[in-house]
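Below you will find one chain, with nothing else, as structure tokens; this is the form predicted on its own, and questions on how it binds or moves follow later.
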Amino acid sequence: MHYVIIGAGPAAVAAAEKLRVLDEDGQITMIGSQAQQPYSRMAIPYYLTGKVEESGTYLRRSSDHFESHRIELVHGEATAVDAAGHKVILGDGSAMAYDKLLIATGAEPIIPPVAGMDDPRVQQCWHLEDAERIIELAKPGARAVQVGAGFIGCIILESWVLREVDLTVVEMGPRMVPRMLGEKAGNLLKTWCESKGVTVHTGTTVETIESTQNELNVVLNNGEAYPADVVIVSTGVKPNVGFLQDLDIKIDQGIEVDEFMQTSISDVYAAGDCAQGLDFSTGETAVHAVQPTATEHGRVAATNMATNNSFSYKGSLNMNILDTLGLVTSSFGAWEGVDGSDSAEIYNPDNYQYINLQFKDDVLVGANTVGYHAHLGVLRGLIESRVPLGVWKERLKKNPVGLMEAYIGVTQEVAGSA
């Protein structure tokens, strides 16, 4: 059996390793377009600040990890898939045959249609090569404008502050990380960043980027303009599926997969940021572009590739945990609430603290937090278990931070009734 994986990110690596466990004799080939060993984009900010060397971004530390696991790593770019012929077409014109195929190509950055984006001093922070160019441009004292304050943007943001640049952030949404945080939580994060010396504009867009030999001039739609030595664009991502344009495969927001992570084409699976899989909270499908989901997707897909679809996936929990300049924010599940839900909330803006719990009947279905991070694992567990809270629901509504007590109480009650 020849398993071919297009991609070399967290989903791909997790899948390859799981395949080796399940099929000791199978041939496993992983196709990665980057020149380096498979690495984590989440580690790039640490590379930018000098906390880790390039090798510190690698998903596996040992230089012979893939060789020792008999996983062939091919450096190349997939340009098409011939499903009828069971082949992957590569950029050099060669073809690679497969028995089972996993598409784990991740995401690619969205570049807004703004004049001036083609200036070499305008950078995305997506590849290690991008980071290397930014290191040259964003020296201490440099003026930087970051376009976008979503999840990835707020991870990158810390790097600029630690590099001691003069930073301005422009976010078109009504608050920072609008797809993760509600109004109160997002505004607390904005106030926190401002207290650290960052200028933040929300509900604002970049009209144009003017270029001169010595500097850039970033013009905003509110009439303000900021001179800059470097502009970093972090305006979101989209599934990297352009190479599948000639393939008859179902693609919505991402590649549609079933409960086995199989696509609409037999023997072809998808995982990670390019896949639109089952959402645990809603029962519908969604793209959850976060690394924990990617690795989970990869292992589930690999299990079904090796065992003829023996494992039905329960779906991924939409969750994000973000540390921005020391302030931890999080969202879990249906954090905006569901039909017929009720909630509990604590809001302490002077101490940058906020927690909002969402309930459906007596089950915890979602949460949003700022400054509370002691029991995030417990919070996730209560949501994923869908355990009836009973009397603990009212206790949590009175004291939303009493998560550990509720978890212990519910667990003991369940054990006692078993």
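For every residue, the number given is its place in the sequence shown, counted from 1. These figures come from a predicted structure and were not determined experimentally.
Below, we refer to the form predicted together with a small molecule, which is not included among the displayed structures.
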The listed residue (341, 304, 211, 320) that reaches within 4.5 Å of the small molecule in the model of the complex by any heavy atom is 320
If the cut-off is 4.5 angstroms on heavy atoms, which of these, 145, 261, 104, 176, is the one near the small molecule in the model of the complex?
104
Which single stretch, out of 36-44, 62-70, 366-374, 383-391, brings residue heavy atoms within 4.5 Å of the small molecule in the model of the complex?
36-44
Taking 4.5 angstroms as the cut-off for heavy atoms, does residue 126 touch the small molecule in the model of the complex?
yes
Just to confirm, residue 289 within 4.5 Å of the small molecule in the model of the complex by heavy atoms?
yes
At 4.5 Å between heavy atoms, is residue 271 in contact with the small molecule in the model of the complex?
yes
Counting only non-hydrogen atoms and a 4.5 angstroms cut-off, does residue 15 reach the small molecule in the model of the complex?
no
